[in-house]
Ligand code: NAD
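Before any questions on binding or motion, here is one chain by itself as structure tokens, the form predicted alone.
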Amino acid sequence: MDLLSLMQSHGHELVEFHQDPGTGLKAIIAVHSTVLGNALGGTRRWAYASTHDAIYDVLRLSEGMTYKAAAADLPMGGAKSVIVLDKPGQQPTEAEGRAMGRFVEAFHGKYIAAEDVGVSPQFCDWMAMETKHIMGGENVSTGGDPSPWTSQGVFNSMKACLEAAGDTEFSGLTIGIQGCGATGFKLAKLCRAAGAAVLVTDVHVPSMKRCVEELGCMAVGNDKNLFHEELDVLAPCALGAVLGPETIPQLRCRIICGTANNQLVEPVRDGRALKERGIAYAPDFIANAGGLIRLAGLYLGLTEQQIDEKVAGIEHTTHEVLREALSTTSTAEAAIAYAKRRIEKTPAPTAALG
């Protein structure tokens, strides 16, 4: 399917490609929807196997951001950007960050960038030297690292899933966390503090070791083994597309609730497969909305109390989606329907935000 057909089938408004000869920057910005307001979404730095993979990623991520903002009751649209690296581990530079900032500035606020995989608060500050439409920095822009709010939101969603399954305590439960980065580590810390045993895995051994040494987690070697473990909750906290025909039949968990985006390879098919197996799935854009709530809240001028209340509300939203999923084919489809209803019922702003 060609790009225009893909945009049309998923409802995207705009996709732009950019290359900067001076820095070698290659990037794509995809704006899925601005129906509810300007579109906020992170910038991901990644070495993709092909340009097709980069396009596929930015289209899926941007669509997910629309649903994430809508389900969180935020007057924001959905977008995402990716920086295509030539090789894995390529170190970021100020020149690259500023070049990306100029690309974002060309959207005049229709797209507001933020951090994502491969992008740090420092990189956001470099981008902010060229555009004011960026959240997530610490010195030039604002917002800082949103991962604590992402992890807290997933923990809240996890509570809803456990309550729906009849569990009131984390004590005695076994939770498996795939990916021990910023959000995975913080989620492991919350689960351990609540009394759960936590198994962790990560291709980056030092990150996994940190969870073991600082939190008392148990390491599971190869990251694929975690999908074979008997767990109460599996929490995918690395990259997406980990739940599909190859992995779902092997799962030995009751609940899936993690911080990663786009966990299902194909949402309709794989959401149904999980329901058929009796596995409760907390749709990622519902569960992991805490980081977006934090940055969008600051952008919109919400108070810290209002932001915390919205993050706490993720537990209620999860309950609602789980309830609606009882009469639909899957929680994945119920969550999309939930978000779309909010988009249809919420009056669009009369003027651009910011």
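The shown structure was predicted, so the numbers you read here are calculated from the model rather than taken from an experiment. Throughout, we count residues from 1 along the sequence that is shown.
Same protein, other form: the form predicted in complex with this ligand, not shown, and the subject of what follows.
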* Asked: Might residue 259 be said to contact this ligand in the model of the complex, defining contact as any heavy atom within 4.5 Å?
  -> yes
* To do: Examine residue 238 and determine whether its closest non-hydrogen atom to this ligand in the model of the complex is within 4.5 angstroms.
  => yes
* **this ligand contact at residue 232 in the model of the complex, heavy atom, 4.5 Å** => no
* Asked: Quick one: is residue 269 in contact with this ligand in the model of the complex, heavy atoms, 4.5 Å cut-off?
  -> no
* So which stretch, 174-182, 160-168, 103-111, 123-131, is the one near this ligand in the model of the complex (non-hydrogen atoms, 4.5 Å)? -> 174-182
* Exactly one of 156, 142, 247, 147 has a non-hydrogen atom within 4.5 Å of this ligand in the model of the complex; which residue is it? -> 147
* To do: Please pick, from 212, 193, 265, 203, the one residue with any non-hydrogen atom lying within 4.5 angstroms of this ligand in the model of the complex.
  => 203
* Using a 4.5 Å cut-off on heavy atoms, which residues of 88-118 contact this ligand in the model of the complex? -> 116, 117
